[in-house]
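Only one chain is shown below, in structure tokens, and it's the form predicted on its own.
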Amino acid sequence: MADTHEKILITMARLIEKQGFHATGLNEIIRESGAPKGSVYYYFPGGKEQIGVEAILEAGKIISRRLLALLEAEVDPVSAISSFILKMAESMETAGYNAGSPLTTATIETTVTSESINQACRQAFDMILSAFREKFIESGIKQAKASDLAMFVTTLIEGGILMSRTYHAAKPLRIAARQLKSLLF
């Protein structure tokens, strides 16, 4: 079972993913996490901004760990990445298109309104980029091209998330997964 600190971060990440950083209030975080009000201020003296930063970084760690596990399960990077995208499509459908990634929502919303949240988003995306890059390098691709491919794949996925949420359909992510092979090799 998650400790109070972790519950607060997981709750914040879920709320950011669903409704955005600015629409999420401290009272909602407290209510949704079940954490005592005093513990929020104890663990996060910087308030909502600190919770947001830490939640985004934690989300980046969780996403990159899941991604690494999927990438390690398959030798072929394209098959592994396609599987990851298809799992994301299924998750979005299950969540009624209120999901995808808290990074997507937080990045769009806080690019110019919160440097600390935006910096956390960059760090979280760097974790994801690193996982893709390492998989490409492991499969024999030179580092410079592997870095470019990692950025391309991440951009493709983020665009797929945005389009799937917009159209309330997982079709954009499924198309991305299907077209990946012809686009990469």
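In this text, all values refer to a predicted model and were calculated from it rather than measured experimentally. Numbers for residues come from their place in the sequence shown, where the first is 1.
There is another form of the same protein, the form predicted in complex with another copy of the chain; it is not shown, and what comes next is about it.
Q: Just one of 64 to 72, 115 to 123, 135 to 143, 49 to 57 has heavy atoms within 4.5 Å of another copy of the chain in the model of the complex; which?
A: Contact-bearing stretch, as computed: 115 to 123.
Q: Is it the case in the model of the complex that Ala13, Arg31 and Glu93 each bring at least one heavy atom within 4.5 Å of another copy of the chain?
A: Zero of three within 4.5 Å in the model of the complex.
Q: Going by a heavy atom distance of 4.5 Å, is Ser82 a contact of another copy of the chain in the model of the complex?
A: Output for Ser82 is no: heavy atoms all beyond 4.5 Å of another copy of the chain.
Q: Can Ala35 be called a contact residue for another copy of the chain in the model of the complex at 4.5 Å between heavy atoms?
A: Flag for Ala35 set to no.
Q: Counting only non-hydrogen atoms and a 4.5 angstroms cut-off, does Thr155 reach another copy of the chain in the model of the complex?
A: It does: once another copy of the chain is placed as it appears in the model of the complex, Thr155 has a heavy atom within 4.5 Å of it.
Q: Does any part of Ala176 reach within 4.5 Å of another copy of the chain in the model of the complex? Heavy atoms only, please.
A: Yes, contact at 4.5 Å.
Q: Of 157 to 171, which residues get within 4.5 Å of another copy of the chain in the model of the complex if you count heavy atoms?
A: Contacts from 157 to 171: Glu158, Gly159, Gly160, Leu162, Met163, Arg165, Thr166, Tyr167, His168, Lys171.
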